[in-house]
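This document opens with one chain alone, in structure tokens, the form predicted on its own.
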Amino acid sequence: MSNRYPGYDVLAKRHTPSWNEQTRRVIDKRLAISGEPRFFTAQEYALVGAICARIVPQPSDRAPIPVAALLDEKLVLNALDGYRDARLPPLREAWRRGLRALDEAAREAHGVGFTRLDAAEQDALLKRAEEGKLEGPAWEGMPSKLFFEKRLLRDIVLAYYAHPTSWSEIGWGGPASPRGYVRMGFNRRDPWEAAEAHGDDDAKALRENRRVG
């Protein structure tokens, strides 16, 4: 993965006006999340880890974001979205049922559980879930397409981008309280935000193209 923001580390903002004490407490708590599951069983946790590796593959040149652990924390807290498609069971039940059904689909197709499949086989099975082609008693009426879109994809991606490591990768300064963001226009950034490598040249080229168009 190319580094668009070389040398940028969002955690360097810890003692700047960008973050207040409440922000620091929230981020410290997130960074301290244990790698030991509290909601998932050990088997479910391994399965979630394998799925996360396919949904949000991570570079090998840095410590991985503990996506499965962040997701486990969400389920321990039963942190709901505030809304739910009526075809989905509640958050915790949706995850338990979906994982059970996905693992069962792997066994039916390949004779082994999901974690023992190779990457291509895992991707193919997830693709079938995304397309709504996984069916059977284990799903208990929950559409696999809906589970993929509303739980697997949503919860895993949100967990990934809740972590400061991902913020550094995309050049985001994190919650800016009390300083706040001021320059909100397209291709504008505050002086204390990360500068993208060659970003100024790219922005200039974009402006030139707009004038020509």
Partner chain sequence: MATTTRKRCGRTGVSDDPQHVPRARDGRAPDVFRHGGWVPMRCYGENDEVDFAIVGTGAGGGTLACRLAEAGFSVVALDAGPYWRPLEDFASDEHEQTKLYWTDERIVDGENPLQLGSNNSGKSVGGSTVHFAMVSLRFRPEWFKARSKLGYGADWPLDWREMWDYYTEVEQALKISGPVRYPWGPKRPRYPYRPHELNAAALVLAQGAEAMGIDWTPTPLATVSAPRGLSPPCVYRGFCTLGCSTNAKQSVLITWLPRALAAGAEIRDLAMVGRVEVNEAGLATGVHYHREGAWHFQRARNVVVAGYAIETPRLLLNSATARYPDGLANSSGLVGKNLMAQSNQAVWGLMEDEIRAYKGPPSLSMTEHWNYQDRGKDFFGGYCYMSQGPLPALWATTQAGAHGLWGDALMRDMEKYNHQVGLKIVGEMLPQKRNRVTLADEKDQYGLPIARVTYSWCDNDKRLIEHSLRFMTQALEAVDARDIWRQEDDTCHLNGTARMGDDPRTSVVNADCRSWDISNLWICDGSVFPTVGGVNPSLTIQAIACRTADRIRALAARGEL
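Whichever C-alpha set is largest while still superposing within 1.5 Å between the two forms counts as the rigid core. Being a predicted model, the structure only gives us computed values, none of them experimental. Residue numbers count along the first chain shown, from 1.
Note that the form predicted in complex with its partner chain isn't included here; everything after this is about it.
Annotated contacts: Gly7, Arg38 and Thr165 are all free of its partner chain in the predicted complex [non-hydrogen atom within 4.5 angstroms]. For the chain shown alone, Tyr45 is not a contact residue for its partner chain in the predicted complex, no non-hydrogen atom being within 4.5 angstroms.
Mapping the unseen interface onto this chain, Ala176 counts among the residues with a heavy atom inside 4.5 Å of its partner chain in the predicted complex.
The shortest heavy atom separation between Phe147 and its partner chain in the predicted complex exceeds 4.5 Å. Contact check for Arg14: every heavy atom lies farther than 4.5 Å from its partner chain in the predicted complex. Contacts to its partner chain in the predicted complex (heavy atom within 4.5 Å) from stretch 40 to 74: Arg54, Ile55, Val56, Pro57.
For Asp9, a C-alpha deviation below 2 angstroms is recorded between this form and the one not shown after rigid-core alignment. Core-aligned CA deviation for Arg188 between this form and the one not shown: 2 Å or greater.
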